[in-house]
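Below sits a lone chain in structure tokens, taken as the form predicted alone.
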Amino acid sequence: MRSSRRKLFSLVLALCLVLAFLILADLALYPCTFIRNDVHAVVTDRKDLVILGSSNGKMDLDPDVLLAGTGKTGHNLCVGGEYPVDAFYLTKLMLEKNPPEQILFELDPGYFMTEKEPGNNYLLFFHEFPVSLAKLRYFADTLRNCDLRSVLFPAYEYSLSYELPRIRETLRRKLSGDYSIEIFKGKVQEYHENGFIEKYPVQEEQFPAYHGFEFMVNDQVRRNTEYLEKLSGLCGKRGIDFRIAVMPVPQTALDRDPEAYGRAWSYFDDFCAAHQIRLYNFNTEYYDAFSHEAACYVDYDGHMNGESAEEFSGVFGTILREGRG
């Protein structure tokens, strides 16, 4: 009997030591990302408007400019790698902590054609969730597809050669609750406290090569769209004003794949009409509201430079305030 108890005690002790090691390793080696700041901002302080979506929304929409003159507050919770499933659970988290008045979903059709990439993209948002029911459900719904090494050791996907020299600073920021943004300013962009990322101007000859755009309605598109439908329904039940916006794309790209873009616009036009969602597509209905010249962008995907993003946010804000839709 005593032998069995000793074995059980040893097993429990070993598991506790392993758990302690994993927690400490995560604390010391998982980097402080701007997503940490974003999630912290919306769960600790209520925002009137929260913007969800992909990197196009992150770099094209400045919530302060969008809401100028309204007296309202906003935060840009978009980021590259944010799929509809992520937006859905981010919203569930906000509903637990600080429900917004309005959610604007920036829609990039390319995200509906693919699955979430393996690796740290699965943990990108989940890792920053505080303890919550939303986090538990998010885990059950998505992390079963994740690499087990990433689940047990979140820092696995990050370079130790880069993170090891930063341990002291990483620990300091996490243990002191430091959410300052100076570390997120780089050579090509800078992160703003409201979640907007300002991209520095790039000449067209320096754009990454255009890789083409394709859109066909298939099972993958429908699976991703299901979460967009869930997100809309969730907002409706909680009395949150939910709208969708499609960012302008450079004319060069629109001209190269007009049929594919046409299929995408038609599909989401029908989706929004069927679910009574107000859609602002700046490549169709609102095409003339903002320039599609390459000089306004930093690539052919539609990421704007900072000056253009400020201008576009002002234009979009005016459209919203004047009730044009």
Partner chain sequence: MPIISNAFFLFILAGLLLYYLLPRKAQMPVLLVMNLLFYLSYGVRALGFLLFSICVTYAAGKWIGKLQSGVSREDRDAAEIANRKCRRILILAMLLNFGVLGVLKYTNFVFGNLNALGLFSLPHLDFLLPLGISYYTFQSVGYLLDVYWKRIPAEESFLRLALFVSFFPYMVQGPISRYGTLAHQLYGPHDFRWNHIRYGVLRILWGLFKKMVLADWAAVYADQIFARPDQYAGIAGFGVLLYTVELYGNFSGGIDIMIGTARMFGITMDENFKRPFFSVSVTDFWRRWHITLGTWMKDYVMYPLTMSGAMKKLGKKSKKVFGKKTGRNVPIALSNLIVFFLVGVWHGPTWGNIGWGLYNGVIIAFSIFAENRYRQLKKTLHINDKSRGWHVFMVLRTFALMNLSWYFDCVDSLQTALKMIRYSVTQFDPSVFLTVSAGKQGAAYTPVALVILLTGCVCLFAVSFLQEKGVDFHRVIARQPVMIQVTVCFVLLMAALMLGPMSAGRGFIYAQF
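Bear in mind the structure is a predicted one, so any value in this text is a computation, not a measurement. Positions refer to the first chain, counted from 1.
Keep in mind that the form predicted together with the partner chain is missing from the display, and what follows is about it.
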**Message:** Please determine whether each residue of L8, L148 and F153 possesses a non-hydrogen atom within 4.5 angstroms of the partner chain in the predicted complex.
**Reply:** yes
**Prompt:** Only one of D141, E101, E157, E169 has a non-hydrogen atom within 4.5 angstroms of the partner chain in the predicted complex; which is it?
**Reply:** E157
**Request:** Name the residue from D255, E117, E182, D178 that puts a heavy atom within 4.5 Å of the partner chain in the predicted complex.
**Result:** E117
**Request:** Determine which one of 93-101, 193-201, 158-166, 221-229 lies within 4.5 Å of the partner chain in the predicted complex, judging by heavy atom distances; exactly one does.
**Result:** 158-166
**Prompt:** If you check in the predicted complex, is V18 within 4.5 Å of the partner chain, heavy atoms only?
**Reply:** yes
**Request:** Look up in the predicted complex whether A14 has a non-hydrogen atom within 4.5 angstroms of the partner chain, and give yes or no.
**Result:** yes
